[in-house]
Structure formats: structure tokens, C-alpha cells
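Shown below, as C-alpha cells, is a lone chain in the form predicted on its own; questions about how it binds or moves come after it.
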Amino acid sequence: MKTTYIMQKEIRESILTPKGFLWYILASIILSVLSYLFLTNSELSLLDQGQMLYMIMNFITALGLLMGLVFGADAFAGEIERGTLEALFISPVNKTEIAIGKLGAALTNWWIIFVISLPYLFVVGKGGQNLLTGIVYLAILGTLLPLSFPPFPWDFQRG
């Protein structure tokens, strides 16, 4: 229950704030430009659809990783900046629950980026046989990436 509250608080801060919302708009603009280039540029349009699909999947993964790193770093740095980290640590929530809540928010941010990227994947990979396989791989890889950077639940001592 406490983990859910922390996760909801982090998600509200990352989605409903202008800074968080701007990240999603920026991701959409970047993916729009990339899709446009892949489909209209004479050199890039010579690539087969599988290559274009995997190239845009690399950009989506990099964008998700960048956002995850920024939100992950802000998870605790933002608490220090706002002066709420001490209050969070002395609350009746243990450190593992705090980290799991913040990790859940990072995963939610990845899934928002993934959902935003789906239309672009369908446009770039239309009619290609690798489309569904690529989407499944992107979902799995993208979900594993936030687990590879802070906040790790296992990085804290039990407290």
C-alpha cells in the first residue's frame, strides 16, 4: 500500500508537471521527424522496412533510456532539492518500499513512451513481417532497461 502511494506520487510529478509533459511532447516530435525522414528521404527510403523498423526501435530505446535516466536521477535528487528526503526516510516506509515505488514510476514512464511510439512503429514497419516481433522485443527490452539504473530496490540495506 505504501509502495503504491509513493509510485502514484512519482507518476503524478512526472506526468502532470510541465517538465514531465514536455518530455512526452519532445519524444513525439523526435519520433515524427525520424519517421518522416525514414519515409521521404531518398537515401533512407532505400532501406528495407526491417532495417528502418529496427533503426527507429533503437531511437525509441535510446529515448526511453534517456528519460529513465533523467527521471531516475530526479527520483532522489528531486527529493533532496525539495527538502522532502529526510521526511521520506523517517516515515514508516522502509527503504525498499521507497525504491520499489520509484522504480514503478520509472517503468510507467517507459510504458508511456512505448505507447506513444506504437503509431510510429506501425507507420514505418507497415506491411513488414518483422513488425510484431520487433514490438515484442522492444516491449521486453524497454521494460528491462529501467531495472538497470537507479533506484535499485536491492541497492538499499533493509531498513
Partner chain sequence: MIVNVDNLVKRYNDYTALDGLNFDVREGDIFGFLGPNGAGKTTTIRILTGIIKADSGNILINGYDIFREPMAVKEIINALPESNGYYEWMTAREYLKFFSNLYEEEMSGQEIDSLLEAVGLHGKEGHLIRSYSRGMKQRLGIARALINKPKLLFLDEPTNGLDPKGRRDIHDLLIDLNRKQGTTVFLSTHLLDDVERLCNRIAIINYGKIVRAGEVKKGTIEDIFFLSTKEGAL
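Note that the structure is a prediction, hence the values are computed from the model and not measured. Numbering follows the first chain given and starts at 1.
The following text describes the form predicted together with its partner chain, which does not appear among the structures shown.
Proximity to its partner chain in the predicted complex, defined as a heavy atom within 4.5 Å, singles out one entry of Ser35, Gln51, Asn130, Asn94, which is Asn94. Comment: its partner chain is not present in this chain, but in the predicted complex one of Leu66, Ile90, Leu118, Leu39 has a heavy atom within 4.5 Å of it, namely Ile90. Interface membership of Lys19, defined by any non-hydrogen atom within 4.5 Å of its partner chain in the predicted complex, is ruled out. Contact annotation for 5-34: residues with any non-hydrogen atom within 4.5 angstroms of its partner chain in the predicted complex are Tyr5, Ile6, Lys9, Arg12, Glu13, listed in sequence order.
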